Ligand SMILES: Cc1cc2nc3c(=O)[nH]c(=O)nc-3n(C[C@H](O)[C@H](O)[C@H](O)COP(=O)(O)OP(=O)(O)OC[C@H]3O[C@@H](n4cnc5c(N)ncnc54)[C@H](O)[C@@H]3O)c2cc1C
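Take a look at this single chain, the form predicted on its own, given in C-alpha cells.
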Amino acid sequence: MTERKQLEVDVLVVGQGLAGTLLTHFLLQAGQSVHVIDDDYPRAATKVAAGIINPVTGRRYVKSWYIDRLLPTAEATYQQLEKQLGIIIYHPQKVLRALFNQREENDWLVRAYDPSYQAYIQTGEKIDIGDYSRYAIPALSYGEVRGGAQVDIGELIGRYRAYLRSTGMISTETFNFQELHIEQNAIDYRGIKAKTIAFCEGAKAKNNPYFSDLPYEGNKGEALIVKITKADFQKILKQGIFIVPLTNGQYWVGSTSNNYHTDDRPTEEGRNYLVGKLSELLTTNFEIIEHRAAIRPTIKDRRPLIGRHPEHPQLYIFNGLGTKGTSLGPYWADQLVKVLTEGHIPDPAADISRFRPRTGK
C-alpha cells in the first residue's frame, strides 16, 4: 500500500457506517477537521437495514428509549443532510401495529390514553390500513403509531461517501491496529496525525484491542427486498414481520434475529423463514429481488456506546446503535461531538463507564 502524504486533522474517524457518517457530519458542523478510514464492506449493517424509526415498540407497546429526545434531532439531522447532499432520504410514515386478540387491544388502548403517549398513538378514529385490507390477511384490529419514518440510510451512506471522496476526506482501506501509534497528546496512523481517533466500527468493534472488553453481542439479521403484485402499501406494517415501503415500488421485509451466528452471509434458513411469513400474510404474489444479511452492532443493555478509553484519552468509541440506529444515531453523535469539542460530560446512560471505570485526563 502506497504511503500517503502527511496529514494533520482534529479527528480520525474509523468506519463510515451510520455511526461514522453521523459523527463526521456533526464534527464538520462543529468546525473540526476530519479524515475517515473505511473499507466499504458490502455486508455492513448500515447497507442492509430498513432504516425504520418506530416510536412505540415491543410486546408491551412502550415508547422507545429516549424517543422524546431522539425524534427532533433525527428529523432535523436527516433533513439537513438531504439539503447538503441534494437527496431525499427521510420519509415520514405511520406504523400499523397488528393486534391479534382482545388482550392486545386492551393493552394498546391503555397506552393510547396515557398522556405521555398521545403524541405517538392515534385514538378516537378508525384506522385506515389502505391496501393491506385487500392484499393481506387481516388481524383482529390495528393500532397506529405516529412519528414513524423510513430513512434510506443506504443512499445516505453512499452519497456521503461520494462527498467525502470529492473533498479528499476518506481513505478506502482496512484499518490496521499495528500501525496506530499513540503519542502523548495525539495519535499517528500511516501519515495521519490526529488529536483524537473515534472508532465507529459496528460489529467489527469486538476485534478492536482497545475496546474489545465491552459487552458486544452482535445480532445477525436477514431481510428480503421484494416486489408485491398489485399492492400499493403506504404505511409500515408490523404483523409478525415488518413490511416497509421503499421509494422504488419495492418493499423491505424482515427481519430474522440470530445471536448464535457463525458468519454474516445470507442463509437458506433465513430466506425460508421470511418467505414463509410473507406467504402467510399476503393474499397476492411477490417477487424476491434481493436477500440481505448483516451483523447488527448490539450491546448487552441495548443502549449505545460512547466514551473515552480509560488509559488513552485520545481514543473514543461510538458504537452499539443496534436495531434502532436510525433514531439513536443523530442524537448520540451530536452528544459525543459536544463531549469532544465543548467538554460536556458524557450522559451516563450511554457512556462506556457503565461497563468499566472512566479514568484519564
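Sequential numbering from 1, following the sequence displayed. What you see is a predicted model, and the numbers here were worked out from it, not measured in a lab.
Omitted here: the form predicted in complex with the ligand. The next part is about that form.
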Give a yes or no on whether each residue among 94, 144 and 148 has a heavy atom within 4.5 Å of the ligand in the model of the complex.
no
Proximity to the ligand in the model of the complex (heavy atom, within 4.5 Å), stretch among 195-203, 227-235, 83-91, 102-110
195-203
Check residue 174 for me: does it contact the ligand in the model of the complex (non-hydrogen atoms, 4.5 angstroms)?
yes
4.5 angstroms heavy atom contact with the ligand in the model of the complex for residue 24:
no
Since only the chain is shown here, I'm wondering whether residue 39 would be in contact with the ligand in the model of the complex (any heavy atom pair within 4.5 Å).
yes
With a cut-off of 4.5 Å between heavy atoms, is residue 14 one of the residues that contacts the ligand in the model of the complex?
yes
The ligand isn't shown here, but in the model of the complex which of 305, 48, 56, 333 has a heavy atom within 4.5 Å of it?
48
Taking 4.5 Å between heavy atoms as the contact cutoff, choose which of 63, 309, 35, 296 touches the ligand in the model of the complex.
296
Taking only heavy atoms into account, state which residues of 315-342 are within 4.5 Å of the ligand in the model of the complex, ordered by sequence.
321, 322, 323, 324, 325, 326, 327
